[in-house]
Structures are given as C-alpha cells and as structure tokens.
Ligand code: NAP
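Next up: just one chain, as structure tokens, the form predicted on its own.
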C-alpha cells in the first residue's frame, strides 16, 4: 500500500461536532481534502456551518450540517441515529465541540459546572456510545477521535471545571479503547495547547500580558498553535495509517509540556559549535 493510499479517506464518512469554526472546521475540511464525506454539528454559527459545507462540496465530497446544542444530552442518541441515516453510515466520529469558563473555583456555579460537563464529557460519551454500537452492528472498523486538551494532563488556574472535564475525556477514551479494540475500533485523543481560535476570547484576563508571557515559554517558535497544526493528527488517526494506534494521545502544544522549569532564558545564549564545512 502506497503512502497516499494509507492516508486516503475515500469512501469514508466522518461526523464532527463543533465543526463550524476553529479546530473543528479545519479538521472537517482537512478530512474532505483526503477524500472523506463529512457531517458537522454546530450550535449557533449557521453562516459559518454553511460555509464549511460549501468548502467541502467544492472538493467534490458530500457534506451535511445539523444544528444541535450538545448540552441537551437526552437527544444525543437520536442525533447519532439521524446523522447515520442521513449519511448512510459512519466510519469516523470526532468529538471536537467543547467550552470553558475562566473563573476561580469558588465562583463556579452549578450551571457552569453542569454545562461544561454536559458538553465536554457527557456528549462525548453519549455520541461515542451510539456511534460505536452502529459501527459494530455494521461491521465497521471505525475511528473515534476525541479533542481533549493539555488541560486533561496538567491543571491550570481558573479552569477547575474545564480541567476536570478534559481529564475525564482522557480516561474515558482509554476505557473505550480497551472495550472497542476487539471490534477493530480505535479511540484516541488529540490534546492541543493554546490554538489561535475563538475559544477563550471572552476570558476576563489581561490578554496582551498573558499572551506575551505564554509565548515566551513555547519552545517551538514562541508562538501559539494554529488550526492547521491539528489537522494532520486527525487525518493520521482517521486513516489506515493509524489503524494500530489506540488508547493514545497526541499533544500539540509546541513543546510547552516538555519543560518542567522555564530555565533557558537564564542560560548563556546558544552558540553553534560547528563551523562552516563541518
């Protein structure tokens, strides 16, 4: 099998939540570029959702968009059934939609806690459950890819509910990988660091000072990630090339989590030990 064939998604259908903007949009179009038909779920951004559908159909692929609030967890099984019937099946589920609130732990209300858990955890489980059962019944060796976060691996101030929800996604994904492995269904997570998207745009924080401080601690280029930095990981995990990868995570943070202590700025400036011609 050629390298092209290993990443070819022709004949496969993907369902992506939160597919109208940000990382979800990038992954939806990226999968279509590799041959997949794509259905997206969005909550409110109808114009953006229609633009994603147009971008996918312009590539010669089929596309669908359905409006649904993932916090309404009682209807998720029906959402999965409608999408499956509309697309004629499903090979890849990407649970991308997520939300977060920046607030001290003692300011977290039952409403924000419950909505965070509903969208970030409950929806991931319910859709995975409903889609996996259909994959098994149809003999489909499918893929489930959950957009987690580095916050599922290490904590961050002001995000107790978000941290907890992403930690739950990590353990849920590994649990599903164990149970679905015998059916040939893989389950993995993608853990972005800070990516240049809309999420977090309304946080009550000194954005300029925080961004300057954070970027200074990113080993790879001292920049935030971009949506395109996440697309390749999704294509790998959705394709034949990722068929033997399950229960794993791909961290996309520019190397931030590699560093225990930010020491390099206190060291002498790097000097190349090689000379021209070496």
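Quick caveat, the model's predicted, so the values are computed rather than measured. Positions refer to the first chain, counted from 1.
Although not depicted, the form predicted together with the ligand is the subject of the following passage.
- Each of 22, 166 and 192 comes within 4.5 Å of the ligand in the predicted complex, counting any heavy atom.
- For the residues 176, 119, 92, 135, the 4.5 Å heavy atom test against the ligand in the predicted complex is passed only by 119.
- The listed set 248, 50, 57, 44 contains one residue whose heavy atoms approach the ligand in the predicted complex to within 4.5 Å, identified as 44.
- The closest non-hydrogen atom of residue 64 lies beyond 4.5 Å of the ligand in the predicted complex.
- Put simply, residue 115 is close to the ligand in the predicted complex: some heavy atom of it is within 4.5 Å.
- Using a 4.5 angstroms limit between non-hydrogen atoms, residue 140 is distant from the ligand in the predicted complex.
- The closest non-hydrogen atom of residue 197 lies within 4.5 Å of the ligand in the predicted complex.
- Residues within 4.5 angstroms of the ligand in the predicted complex, judged by any non-hydrogen atom, belong to 95 to 103 and to none of the other stretches in 176 to 184, 95 to 103, 81 to 89, 203 to 211.
- The partner is not shown here, but in the predicted complex the stretch 70 to 85 reaches within 4.5 angstroms of the ligand through a heavy atom at 70, 71.
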